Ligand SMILES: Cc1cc2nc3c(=O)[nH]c(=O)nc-3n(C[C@H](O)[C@H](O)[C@H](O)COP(=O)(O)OP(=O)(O)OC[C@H]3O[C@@H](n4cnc5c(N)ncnc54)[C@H](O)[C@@H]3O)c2cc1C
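The chain below stands alone and is given as structure tokens, in the form predicted alone.
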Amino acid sequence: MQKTCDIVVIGGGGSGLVAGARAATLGRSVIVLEKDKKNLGGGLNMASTMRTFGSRWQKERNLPDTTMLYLRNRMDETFWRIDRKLASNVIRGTGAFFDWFEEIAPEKAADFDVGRYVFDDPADGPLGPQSGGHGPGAKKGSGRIFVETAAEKLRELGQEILLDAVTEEICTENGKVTGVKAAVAGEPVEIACKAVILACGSWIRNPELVKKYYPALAAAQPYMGESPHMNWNYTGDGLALAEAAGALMDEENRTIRMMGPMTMCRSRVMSDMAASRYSIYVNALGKRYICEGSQMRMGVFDSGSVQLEQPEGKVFVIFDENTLARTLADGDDQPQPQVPMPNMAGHFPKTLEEAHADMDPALEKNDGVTFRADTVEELAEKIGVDPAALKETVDSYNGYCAEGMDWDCYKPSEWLAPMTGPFYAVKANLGTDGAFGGIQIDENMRAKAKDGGVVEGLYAAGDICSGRFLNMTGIKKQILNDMSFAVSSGFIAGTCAAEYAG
């Protein structure tokens, strides 16, 4: 089968659909190739809040413009190692994307509410259009709205979206893109085109790449909980395609972002105790390794990077009847962690009886996630750590509580409460927010070439791109979050590829 179009988009995730739809609205013919047999949108389907800068929507509502402050702060945090042109383009691209979205779907844009990106600091995080939430009556998330709108626009304009389409080669001639070879439902297809946009997502499900760049994660994966980002076919196919086409690859800053400690169990109370200031965290050696409540200070991503460094990534949240009672007594008057960690405000029980009504059914399941014991040694046997080591840890901690000085992990004195039993433990999983980077891009999302310049007609968007973040000792430090970059980079790639193809 042979086909012809202006632009081929490889990857039907959020950034790919936005790129294709944007190019189509500019009058270019587009074919989207998605290797999944049924689904479009990828991880963007799960995203709700984003950062938007300089959109008409914000200006019409007289929302303060924090663009310059935000950019300065993020560039300071990344030591000005991010390309300034790329940084300013992707920031401005968020507003340009939403202006375009408002043009093609005005009734949907009008239904968005004013809010902030879920992890933002109010000091510099922009107030902008948001949709989504949790619980009955919650609106559909922004990401899913963008995915559905872009797919609808592509079909409305008569463009092709081919599922079960595995791309085998990006064809080039004299450093310029000329076409694509693929297999659609197993049948070979050749597509002649002027430009290709690679939007294949991350490489988190590629064991060879994970082991190469994050050997500690490869060792810890058997212990990890299943992350939503692991459910998509993120095998890094686009990296090999780009490299074979002459693209310059990034070996320095590819990054996997960890999340943890993640407590997901049958008991809401036991899960929430990971966020209690009175609990302690121990690793597989039965030793504390961090000042507890780390998500409240560091955020769940940086805290997860610390957990990854523990043996096999194993961590348990330990508390007892006394620390549970102290948590109940504090009620809502205690620090609340960042989402997606449990937030106890408004739902935590008021009495021990109510707490045990929630905990006991989960403990009776004996599912290897929640544990109860009368002694520290018995608890250690149940969770699989050395009893003597765990007893030494608890005894030392109780000594710090009596002294009012935590010389091990420096917990504030008002957070110190001795543990006397009965004792409880919750297995705390590692999670991942995905694997990022690989293709070096310029400010217009063009793939840089190995021999200098760019690969003419080759663009990249979304998680497969390097440039918006740094790998700083294994930790991802970024100027823009994944969802915002997905739609911004997709919009820019679609705009620039359409101009090039014209």
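Quick caveat: nothing in here was measured; it's all calculated off a predicted structure. Counting begins at 1, following the sequence as shown.
Although not depicted, the form predicted together with the named molecule is the subject of the following passage.
For the residues 397, 234, 348, 371, the 4.5 Å heavy atom test against the named molecule in the model of the complex is passed only by 234. Checking 44-52, 65-73, 450-458, 23-31 against the named molecule in the model of the complex, the stretch whose residues place heavy atoms within 4.5 Å of it is 44-52. For the marked spot (35, 117 and 201), a heavy atom within 4.5 Å of the named molecule in the model of the complex is present in each of the three residues. Contact annotation: residue 379 falls outside 4.5 Å of the named molecule in the model of the complex, judged by heavy atom distances. Not displayed here, the named molecule is kept clear of residue 492 by more than 4.5 Å at the level of heavy atoms in the model of the complex. When the named molecule is considered in the model of the complex, residue 242 lies well away from it, no heavy atom lying within 4.5 Å. In the model of the complex, the named molecule sits beyond 4.5 Å of every heavy atom of residue 262.
Using a 4.5 Å cut-off on any heavy atom, none of the residues of 260-277 reaches the named molecule in the model of the complex.
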